[in-house]
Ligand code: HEC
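A single chain, nothing else alongside it, follows as structure tokens in the form predicted alone.
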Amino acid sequence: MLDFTGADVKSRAVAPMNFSLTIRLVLAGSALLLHAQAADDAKAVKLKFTGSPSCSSTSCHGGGTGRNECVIYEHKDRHAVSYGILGKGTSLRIAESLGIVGDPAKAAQCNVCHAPMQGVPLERLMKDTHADKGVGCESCHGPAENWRLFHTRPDVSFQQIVATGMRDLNDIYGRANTCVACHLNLDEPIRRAGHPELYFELDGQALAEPPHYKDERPSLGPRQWLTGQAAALRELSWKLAAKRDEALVPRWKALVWLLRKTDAGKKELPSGEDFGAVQTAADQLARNAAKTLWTKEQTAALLKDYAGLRAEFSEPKADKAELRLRAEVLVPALDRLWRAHKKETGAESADFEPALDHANLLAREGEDFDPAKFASALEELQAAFAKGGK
């Protein structure tokens, strides 16, 4: 599986809400509402956190098979080390460039994503509870004060648990909205200080986490991919509607280009650069994509279409930088659709994945990106799919 993360993988889920408001608060350094089930839910905002240790006993989520969620998180999930990296290497240089004095792990503009619980007021922590370092259980699942002691009972429904403050992580739309806050939105001063560029692709990042849960719903991969990309477009549109940023416009255009090649995107996304209109349309696209099942024929058809875009990278007058950004979103799409296609049909191709790896390397060459070489890689992908992709 290709790694398109660009940063530590994170997953915090929230229920449907005013997500633009939430993102504004996140970027302003308010970790508090990252943990609220809804921006306007005063009750959720008042709930207290019990801390990750309250989840990790061997009789709960720190035990053996079937009860090892915390074990997977602690040993394999990069969220667990998101706090620790703030005091090392590149992080220190970024902090110095930003003028942060002292430990960057204590700076709000850093720990709002790397250690959200550090920004939670002390009165929101249960007695003897310490703020998690890193992205802990409640960063994803919500403050556990009301549901921790009964959420595994078989006589309690999931919706009853959600009603007491647990996040609905079964909702793909909510899952995307949660992750996008930290995985896409990067303030320009932080970017200029040397922070790695952020790329948000929900399906691949969720699997790279790795997941400590099972989700075997049909067509999950394509649904997560499309929902996540639509959510990313919505957030970029929101930022550009608030204030046009020429550094973001090319990335916005690349996502629009990618999504308008899907059947749903053709119907939902308006033409032109009305960022507000695209924001609304992209949100609706994300909502619909989370609920719409794909057939194996639909997955294969879009995969074939994306692999057949060689001509669009062969246009001599096309802007090289714009083509590079298109390549950066196209390769993850090809990867996720191919994985789903293989799972659904049993398709095998000895040539497809090596060609995809090659295309991925070319797409990540930055200013050295060569559209002609990438076009040739797409031609190889198209031929490989035609040969063995069913």
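Everything quoted here is computed from the prediction, not taken from an experiment. Start at 1 with the first residue shown and count on from there.
The form predicted together with the ligand exists for this protein as well; it is not shown, and the discussion that follows is about that form.
The candidate site formed by S82, T90 and Q109 is fully in contact with the ligand in the predicted complex, as each residue has a non-hydrogen atom within 4.5 angstroms of it. From the list 288-296, 123-131, 247-255, 198-206, the contact stretch for the ligand in the predicted complex under a 4.5 Å heavy atom rule is 198-206. Comment: the ligand is not present in this chain, but in the predicted complex one of C179, A230, V278, A307 has a heavy atom within 4.5 Å of it, namely C179. Here is the short version: of Q284, N170, S314, S219, the single residue with a heavy atom within 4.5 Å of the ligand in the predicted complex is N170. Although the partner is absent here, K239 sits far enough away that none of its heavy atoms falls within 4.5 Å of the ligand in the predicted complex.
T164 falls outside the set of residues with a heavy atom inside 4.5 Å of the ligand in the predicted complex.
In the predicted complex, C137 approaches the ligand with a heavy atom inside 4.5 Å. Residue contact check for P143: none of its heavy atoms lie within 4.5 Å of the ligand in the predicted complex. Annotation for 51-88: interface residues with the ligand in the predicted complex are C55, H61, E69, C70, Y73, R78, H79, V81, S82, I85, L86 [heavy atom within 4.5 Å].
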